[in-house]
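Given as structure tokens, the chain that follows is alone and in the form predicted on its own.
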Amino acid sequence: MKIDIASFNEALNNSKTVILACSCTVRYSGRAESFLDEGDRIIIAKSDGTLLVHQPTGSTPVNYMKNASHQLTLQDGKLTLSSRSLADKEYLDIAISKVHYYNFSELADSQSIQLVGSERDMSDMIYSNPSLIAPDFRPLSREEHTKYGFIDVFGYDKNNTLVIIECKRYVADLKAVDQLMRYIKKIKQLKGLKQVRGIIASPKISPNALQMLLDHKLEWKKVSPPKYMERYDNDQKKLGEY
């Protein structure tokens, strides 16, 4: 497939989004030095000067440039897409041997992604619905700052014992237990307390993490993050299962 160099560069200069599928080699110099031998790649040049080099599989680009200028030239009979970021002293050269496909368009998107079901959402949910932890749990605050980070939920139980809750939106592991233990140690020192309850709230927990909790007389509560935008529950029965 032939490529019109003039229209290609015009699209780049006019901050259009350009998508190019080609066989090429890629040489980069800047944060490090790298060379990627001949292969099929997907090149995406965005309107803000970002350039991404993707292989046919995987979600992470093998090379990228930010805030760069790009230009397609014909050097020694071979197309070369050069990307330069002079401020960061970064250089990327894509030597193209075959063009499979290319297109460009003026794209616009002013929206921000709406993220729900985060650990902060979990702490908000527990604060508003303390019975998720226990009928007698009385939440006091959220995201309490300590030397080691933010405690998700603070509160008291029926015996007025201070309770620290650490939320994990996926599977709680040994790192989560270690984090909770560090919070408890710090709070005991700061407040001069001998007893502090520690609870991990998560939809699942690894066997090792659960055993570590039990060994240190800590607790786990099964709590799933809110799914305001979930279309269906994975545990919901399908029509054919009734």
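Position 1 is the first residue in the sequence shown; the rest follow in order. The shown structure was predicted, so the numbers you read here are calculated from the model rather than taken from an experiment.
The form predicted together with the DNA is left out here; the points below concern that form.
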Any non-hydrogen atom of Pro207 within 4.5 angstroms of the DNA in the model of the complex: yes
Can you tell me whether Arg31 touches the DNA? I mean in the model of the complex, with a 4.5 angstroms heavy atom cut-off. yes
Would Leu190 show up as a contact with the DNA in the model of the complex if we use heavy atoms at 4.5 Å? no
So in the model of the complex, does any heavy atom of Gln179 sit within 4.5 Å of the DNA? yes
Segment that reaches the DNA in the model of the complex - one of 213 to 221, 169 to 177, 37 to 45, 190 to 198, heavy atoms within 4.5 Å: 169 to 177
Would you kindly say which of Glu90, Asp124, Asp93, Asp157 lies with a heavy atom within 4.5 Å of the DNA in the model of the complex? Glu90
